[in-house]
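Below you will find one chain, with nothing else, as structure tokens; this is the form predicted on its own, and questions on how it binds or moves follow later.
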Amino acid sequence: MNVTSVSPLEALSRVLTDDMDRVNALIRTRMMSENAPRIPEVTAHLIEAGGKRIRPMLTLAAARLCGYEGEDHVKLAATVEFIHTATLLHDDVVDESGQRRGRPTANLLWDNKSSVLVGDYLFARAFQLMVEPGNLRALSILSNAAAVIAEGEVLQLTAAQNIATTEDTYMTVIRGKTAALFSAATQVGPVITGAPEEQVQAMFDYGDALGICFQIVDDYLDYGGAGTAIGKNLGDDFRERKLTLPVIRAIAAADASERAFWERTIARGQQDEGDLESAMALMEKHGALASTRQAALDWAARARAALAPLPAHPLKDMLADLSDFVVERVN
């Protein structure tokens, strides 16, 4: 086999195959409901949709990298995936999305009520799972992440369509809605291992930087990528009037007429034919897409650097390569 043809994510998946099989089996068991068959129907639609399972793999990898030999990392990895799936169900309702991972969303196939309530059920299942290892600090990390995620979503809602939104607010939003679960996923690994505090902090910093990078890449690709490659339509963020990094940077550099354009299309939502192309032209004019791409590369480098205190291990190299893999889509 030519190892150069294997992506870092695939390499990680292969090394963690046995652990991930146990995680997936646990997810299938815990998403069942004797009394409400719609719960496994809705959950299976999203969980079996071909997601990369990056977050639970991060938990497994972080635990193994720090020398963990027990079984509780499987429960914590399943917890992370349940939290992630619950937030996706809720997000699609809030965003009124019709497509995720190239497939119709649950709220489109069923309805908003089902998506919200099944999301609530998965949050409850996540809390049941995170309690079972009996590690109070791991419980604190994951429960705090769930609260921060919700806080980030609410902040995004209140900042939406406000063209005065700053990069600081944007960073707070993506640290909440995306990076919080990445950093929790990586941090609980060394915590249940009883690893030195330096390693716990290193894994937190890695997950935080990787999550920020992941979200910035997604925001960049909404304007600079191919819709089929990212499982949604090009320009969805513009149509949904989201203040993502490329838009925020274009607005910051705008003259009076350009600011009027953003006020009309984003703040008031009056979008006409050709406005997406005009928005992208303004981003290009002010270098907003190029600087967003560079920001993603910078955060990937931070993630790689954060791993320095961790012991030498093949998984350490794979996690370092994963940070580069996340930004490959913007190259």
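When you see a residue number, it is the position in the sequence shown, counting from 1. What you see is a predicted model; the values in this text were computed from it and never measured.
From this point on, the text means the form predicted together with another copy of the chain, which you will not see here.
Novice: Give me the residue from His90, Lys75, Arg249, Lys177 that has a heavy atom within 4.5 Å of another copy of the chain in the predicted bound form.
Specialist: Residue within 4.5 Å of the partner: His90.
Novice: Which pick from Val200, Leu245, Ala146, Leu234 sits with a heavy atom within 4.5 Å of another copy of the chain in the predicted bound form?
Specialist: Residue within 4.5 Å of the partner: Ala146.
Novice: Of the listed stretches (212-220, 67-75, 110-118, 250-258), which one has a non-hydrogen atom within 4.5 Å of another copy of the chain in the predicted bound form?
Specialist: Heavy-atom contact with the partner occurs in 110-118.
Novice: So in the predicted bound form, are Arg38, Leu139 and Ala150 all sitting within 4.5 Å of another copy of the chain, heavy atoms only?
Specialist: Every residue of the candidate spot has a heavy atom within 4.5 Å of another copy of the chain in the predicted bound form.
Novice: When the contact criterion is heavy atoms within 4.5 Å, does Gln271 count as touching another copy of the chain in the predicted bound form?
Specialist: Answer no; every heavy atom of Gln271 is more than 4.5 Å from another copy of the chain in the predicted bound form.
Novice: Can you tell me whether Glu277 touches another copy of the chain? I mean in the predicted bound form, with a 4.5 angstroms heavy atom cut-off.
Specialist: Because no heavy atom of Glu277 falls inside 4.5 Å of another copy of the chain in the predicted bound form, the answer is no.
Novice: Using a 4.5 angstroms cut-off on non-hydrogen atoms, would Ile163 count as touching another copy of the chain in the predicted bound form?
Specialist: The answer is no: Ile163 has no heavy atom within 4.5 Å of another copy of the chain.
Novice: Looking at the partner-bound form in the predicted bound form, is Ser291 within 4.5 Å of another copy of the chain by any heavy atom?
Specialist: Flag for Ser291 set to no.
Novice: Where, within 149-186, is there a heavy atom within 4.5 Å of another copy of the chain in the predicted bound form? Residue list please.
Specialist: Residues within 4.5 Å: Ala150, Glu151, Glu153, Val154, Leu155, Leu157, Thr158, Thr172.
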